[in-house]
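Take a look at this single chain, the form predicted alone, given in structure tokens.
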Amino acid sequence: MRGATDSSGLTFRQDYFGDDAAWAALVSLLKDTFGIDIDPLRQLGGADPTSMPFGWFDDTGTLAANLSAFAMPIVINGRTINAAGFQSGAVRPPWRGRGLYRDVTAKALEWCDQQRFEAVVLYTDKPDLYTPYGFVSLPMHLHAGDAPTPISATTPSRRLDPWIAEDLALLQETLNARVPVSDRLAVCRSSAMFLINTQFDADIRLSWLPEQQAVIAWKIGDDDCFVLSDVVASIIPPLPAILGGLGMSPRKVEVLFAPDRLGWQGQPRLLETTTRFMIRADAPVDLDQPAMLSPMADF
């Protein structure tokens, strides 16, 4: 897939997250391109330690093009796959059309092959960029339905704030010990992504259920629907216990991941979005049943 690359005036760098100036350049690139700020990651435990960025810099230290890879073990159809994730792919306008993104994509894929990852996954609103490399889209389905009867809790839940040191430590400990939230499609671990995603959705709430030793990521949707985004625990509690622990008695529920471990079914509904979840693997991959990756694992 390599074509001509015009890298005149630029220097290629790899593995630069330990360089404060290079990190600031990446923060600036993503803020200017997507309007998101990933700098809070430095106060929330840092970037994923497995991250491997690939980028072209100009002589002023500006990051012209970037793509980052990181280890992202994932469960698909009950099997754990040693996968890598691609994120932070962007090219600044003055350097577009020079083959730089094609170049960093090829370099990142070569690195993944060298690391013997079984698959590579990514989110994109431009799937045509990745189909030539063998990526295919997997449909994402949320599950919605009537809420079950809550199971009352003896000990009340409490809100968590990742900017409070005690709460951040509890979040990190629970994230490190978590099991996949679903056997159909789920990350095995993705602590950095979970923590930074708490900063991207102002409506998301984090609650600690002491009886279940579980972190619940949730919000209230349209028509007072209870929206469950993620459950972080070593044993996934059933949905009635989650609702009871939160003191909630909603009429309707939406679960933004496959609910096979929740003791509740719901009806699958295709997620209506322009963003695609794509995978590249040696063997064809299809979801056996409707599922989606929790938005707290978005990358």
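Residue numbers run from 1 along the displayed sequence. The structure presented is a predicted model; accordingly, all values stated were derived computationally and were not measured.
Same protein, other form: the form predicted together with a small molecule, not shown, and the subject of what follows.
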Only one of 73-81, 86-94, 179-187, 202-210 has residues with a heavy atom within 4.5 Å of the small molecule in the predicted bound form, and that stretch is 86-94
Exactly one of Thr33, Thr62, Gln265, Gln43 comes within 4.5 Å of the small molecule in the predicted bound form through a heavy atom, and that residue is Thr33
As a check of understanding, the residue in Thr124, Ser191, Thr174, Asn197 with any heavy atom within 4.5 Å of the small molecule in the predicted bound form should be identified as Thr124
May I ask you to check whether His141 falls inside a 4.5 Å heavy atom distance of the small molecule in the predicted bound form? no
Checklist line | Contact of Leu129 with the small molecule in the predicted bound form (heavy atom, 4.5 Å) | finding: yes
Would Arg98 count as a contact of the small molecule in the predicted bound form, using a 4.5 angstroms cut-off between non-hydrogen atoms?
yes
| request: Report whether the minimum heavy atom distance between Arg102 and the small molecule in the predicted bound form is within 4.5 Å. | output: yes
